[in-house]
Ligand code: ADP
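Next up: just one chain, as structure tokens, the form predicted alone.
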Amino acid sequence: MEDQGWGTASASLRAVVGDNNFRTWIEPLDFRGAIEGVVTFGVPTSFFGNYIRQNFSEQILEQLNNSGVSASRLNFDLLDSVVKTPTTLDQDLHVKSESIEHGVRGGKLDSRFKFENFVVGKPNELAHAAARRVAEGRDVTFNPLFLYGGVGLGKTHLMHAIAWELQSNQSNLNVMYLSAEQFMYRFVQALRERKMMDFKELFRSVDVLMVDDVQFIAGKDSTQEEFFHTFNALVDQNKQIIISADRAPGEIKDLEDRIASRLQCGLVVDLHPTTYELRIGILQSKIEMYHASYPGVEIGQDVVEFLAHRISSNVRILEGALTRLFAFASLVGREITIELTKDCLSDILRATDRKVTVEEIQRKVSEHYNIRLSDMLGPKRLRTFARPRQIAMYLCKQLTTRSLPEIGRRFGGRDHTTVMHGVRRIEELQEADHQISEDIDMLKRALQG
């Protein structure tokens, strides 16, 4: 039934994405099935899977759901990977050497994601230092290490880097690295095949357990139950656990309180959105690598600065844009200029020009200062409410095209002169108050990300 659903969906996708995109990107997908909303495809390379996720995931999910396949998320397995998703749990549990690559069981590690390839800056320096400490593999100092942040900020890179370092320096350690989706898949399979004791033995015999994207198990009661018991068993044995997610434990919707509490017992580290300087560093690091693959292709510093300024929210998209630029320039035999960049990356640049609304700014500022939105918009003049109100007005002036009278109307019907006064006051305070300046920078990044 699911195979038939994918056949119907893929036929519809041809009309949605066009013949060329269909032949290049959709036709090679190997449909593996769907479990609890997760649809798994086999793909030839990691790049292929990442490209599909970034460019076609919404269309694929929509057509699958239209065709009767319950789909909320895509998962990709490498067709030629040494580590295959087992067809039976018995293969996975008893032929353990099959799922060992460089001493790490579970998922295939990406050779690009090592510590030497991770560009460190202020937004990620604590996460990097913590990952380095855990990768030493000595006494457990904080358990678990919980890394969280938005898409493309380096969580998975650090997870892979830890695994590479552990297998390189302490190959005797039994390291298990997998996504939360894979944990759930194995758990469901063990239930179906009545091999729960084998499942428990496999996961509770490891020295280091690494689980990526743990937010995926939220709302899946049975999987959460087993994860909780696995977590407790390993902590009791003083075994290291490393977790990643897109949000802090307490902010993951439908995650059981007892699990969120356990996850917060160790070190919780936020990977902040990248700064302009860090993005410059990432681009320069990648350019050095690409010069070996694309000899003769030149890229000016003005283009590097343009990319760092325009693509600010997601490092993966930033790196993908650079890859596309080098490949295109090499094929057509041209230097990478601003003009070529705008032509080659027009779709990416359009997507990054997200329009910020007054309502988004009001909500984000009230959340940041932990006040009710009604108090910020209401008549109260206490500084607790007045200062966030002025900051929100300032951001509306900076990030939207709304006029001062329009902004005033959105803030409880205030006069445009009130808005003008608030904007000027915040401009003055930014010069004198370091905390307000930092708050505004952080809010801008969050809103424009």
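None of these values were measured; they are calculated from a predicted model. Just count from 1 along the sequence shown to find any residue number.
Below, we turn to the form predicted in complex with the ligand, even though it does not appear here.
Enquirer: Just to be sure I understand the contacts: of T156, Q167, S313, Q224, which is the one whose heavy atoms reach within 4.5 angstroms of the ligand in the predicted bound form?
Expert: Only one option qualifies, and that one is T156.
Enquirer: From the list R262, K220, K195, K286, which entry has a heavy atom within 4.5 Å of the ligand in the predicted bound form?
Expert: Checked against the cut-off, the match is K286.
Enquirer: Within 4.5 Å, heavy atoms only, one stretch in 290-298, 375-383, 316-324, 202-210 touches the ligand in the predicted bound form. Which?
Expert: Stretch 316-324 is the one.
Enquirer: Taking the shortest heavy atom distance, is G266 within 4.5 Å of the ligand in the predicted bound form?
Expert: Close contact is absent here: in the predicted bound form, G266 is far from the ligand, nothing within 4.5 Å, heavy atoms only.
Enquirer: Please run the contact check for V151 against the ligand in the predicted bound form: heavy atoms, 4.5 angstroms, yes or no?
Expert: Residue-level check for V151: yes, a contact with the ligand.
Enquirer: Whether N124 contacts the ligand in the predicted bound form should be assessed with a 4.5 Å heavy atom distance threshold; does it?
Expert: Yes.
Enquirer: Considering only heavy atoms, tell me if F118 and the ligand come within 4.5 Å of each other in the predicted bound form.
Expert: Looking in the predicted bound form, residue contacts with the ligand include F118, since a heavy atom lies within 4.5 Å.
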